[in-house]
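There is one chain below, alone, in structure tokens, taken in the form predicted alone.
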């Protein structure tokens, strides 16, 4: 059964289209991440699911029940916001138990649920503190605890970690992943951070300008991007997209880039290739190394620029006038202008039409 269904959902503000014909099904127990850059419509989609904004047209279902016109309180959802939204005059225990109190739950039940949730989130020693006495990470745990205590059908998270520093974000990502596995809860999570999406999601929905670009698990999104936008958005350093033409020699397809032909022996086309078609070859920097292991092709290229990060060296090379980025070992001897032997793993490449930028 699907926990959340969105059918032909549209949202406009005046003549501005925010969401365009969104069709989406989210499985019960799944961790669905709505991913995209600022202004793509992901937070608006979450707010439409929550009932915080009215749909222009279309349908929202939660637990097979049509809730398109229902108030937020009648949708059996709990939402965690970017800003924490804690009551400053209440203690941690009072903040977490607030929803149960206004629903007139018995005091013993509230105390029991607050105790269970705070122990799970490891904040049971903070029950008597107010938000001003907490760190950012602790405040976010309280906000999550306030959602958990209600035991809703669906949890909605709107960029909950964006106010935290990098170290704390990494810690909270791990905690959220453990929490999801422990509760088997249905989570819909909004973020612009691809690392959050890749590490947390069971399913990613990548949006751009109000349109879904691709839906899939992190492996599918990363390794078989549906178009150039998806390929560019996911992955750091960004994927290499090299301009070339399709050629066929002795029944073997390849891409001609300058005087170099890169074999497509491993590649499965979704449609019949056409000789001479202008294409973009997508190959990620981690598939260009100095290791001969899993190498399908070797070439010597001059270094344009490089960055040493400690754990690795990121380098840019020149391939017939086009930049080619690679991830090299940290201890590699490197200098601008120096030609280095590079090994290409061609088993994970992508090929896109140069005109439409769609995967071939």
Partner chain sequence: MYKPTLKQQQRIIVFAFLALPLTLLFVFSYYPASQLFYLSVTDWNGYAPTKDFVGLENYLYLWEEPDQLNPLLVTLYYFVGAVVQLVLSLWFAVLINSKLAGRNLFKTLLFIPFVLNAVAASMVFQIFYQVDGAFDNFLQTVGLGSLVQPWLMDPDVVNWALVGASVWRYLGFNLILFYGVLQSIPQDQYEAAKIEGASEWQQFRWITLPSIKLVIGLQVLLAFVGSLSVFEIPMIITKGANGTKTFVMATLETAFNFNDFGLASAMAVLLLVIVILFMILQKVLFSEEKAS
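Residue numbers count along the first chain shown, from 1. Quick caveat: nothing in here was measured; it's all calculated off a predicted structure.
Omitted from view is the form predicted together with the partner chain, to which the following refers.
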| note | Of the candidate stretches 169-177, 245-253, 229-237, 101-109, the one with residues having heavy atoms within 4.5 Å of the partner chain in the predicted complex is 101-109
| message | Exactly one residue in 85, 211, 183, 215 has a non-hydrogen atom within 4.5 Å of the partner chain in the predicted complex; which is it? | response | 85
| note | Picking from 73, 125, 259, 266, the single residue whose non-hydrogen atoms come within 4.5 angstroms of the partner chain in the predicted complex is 73
| request: Decide yes or no: are 47, 90 and 150 jointly within 4.5 Å of the partner chain in the predicted complex, with each residue judged by its heavy atoms? | output: yes
| Looking at the partner-bound form in the predicted complex, is residue 141 within 4.5 Å of the partner chain by any heavy atom? | no
| Given that the partner is absent here, does residue 52 sit within 4.5 Å of the partner chain in the predicted complex, heavy atoms only? | yes
| field | Contact test in the predicted complex: residue 79 vs the partner chain, heavy atoms, 4.5 Å | value | yes
